[in-house]
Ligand SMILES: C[S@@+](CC[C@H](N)C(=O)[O-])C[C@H]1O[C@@H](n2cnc3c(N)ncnc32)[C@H](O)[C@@H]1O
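One chain comes next, on its own, written as structure tokens: the form predicted on its own.
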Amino acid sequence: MKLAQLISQTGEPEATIQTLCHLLKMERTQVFLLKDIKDDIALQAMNVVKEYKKGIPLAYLLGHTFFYNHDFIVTKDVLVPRYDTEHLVLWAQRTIIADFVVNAGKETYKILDLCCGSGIIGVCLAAGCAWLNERHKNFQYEVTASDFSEAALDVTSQNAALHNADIKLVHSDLLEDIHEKFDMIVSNPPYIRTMDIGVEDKRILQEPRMALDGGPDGLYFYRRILATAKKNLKPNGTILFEIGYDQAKDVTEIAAKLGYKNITVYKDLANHDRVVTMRV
């Protein structure tokens, strides 16, 4: 079967391409260059896309998804990784490099991925730190990932093993059972307003509600984290949050009232406020 014929039958071009990439273990460009798709593969793809059209996220059907050029395991116990979060990883990596330039690797650089979910942030930062360590042996690092969900921590463990990332796992309700001090806390906490969950995309209702629900105004977890995070940060330590497109003003005000400094907001490629950083 030709690719165009398969897409015509499924009616879902992007879901079809992603499914073929997974089934054939190929890059997108390789899929587009295929002259023919075997009947058994085409049938599998059609069955997957059929379930997708019923409202099940594609990542759950495939058990994997790509994020920041890495392949990650995804289960129904974790949020489906989204492109928006790549901006959080980007600014975290830039901050790590900037801190290394300033501090010249005097101490082990400690990172906490808070509300880690599938572990995509921690794994990507561990990979970036490993790259930096290969070039500057005096740069030493430790990555910790924490979540309230033990099932999510299990997925993080699988993804860490998949990418040979040395990550320490901690089961904790936010920072309650975390007693170390870190140079960086990076977090994509639940931030959707309770009444907005599923309004724009019904598929989101298939994802763990605890990973989505940020309370009536979407700010519950920012308040809780910022209220106690200083005890877990080294001097000049930094916090990086992913935020909803309309939450920058509220999150920066919460941070400012609690005495955080150097508060900065960064936009995503759609020109929406997406990342807030600050230091103690």
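Residue indices: 1-based, along the sequence shown. The structure presented is a predicted model; accordingly, all values stated were derived computationally and were not measured.
A second form of this protein, the form predicted in complex with the ligand, is not displayed here; the remarks below concern that form.
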{"property": "Within 4.5 Å of the ligand in the predicted bound form, all of L79, L174 and N188 (non-hydrogen atom)", "result": "yes"}
{"property": "Touches the ligand in the predicted bound form: F148 (any heavy atom, 4.5 Å)", "result": "yes"}
{"property": "Contact test in the predicted bound form: R224 vs the ligand, heavy atoms, 4.5 Å", "result": "yes"}
{"property": "4.5 Å heavy atom contact, T85 to the ligand in the predicted bound form", "result": "yes"}
{"property": "The ligand contact in the predicted bound form: C115, any heavy atom under 4.5 Å", "result": "yes"}
{"property": "In the predicted bound form, the residue from L90, L162, A98, M210 that sits within 4.5 Å of the ligand by heavy atoms", "result": "M210"}
{"property": "Listed range touching the ligand, judged in the predicted bound form by heavy atoms within 4.5 Å, from 244-252, 230-238, 49-57, 210-218", "result": "210-218"}
{"property": "Contacts with the ligand in the predicted bound form, stretch 119-147 (heavy atom within 4.5 Å)", "result": "I120, I121, D147"}
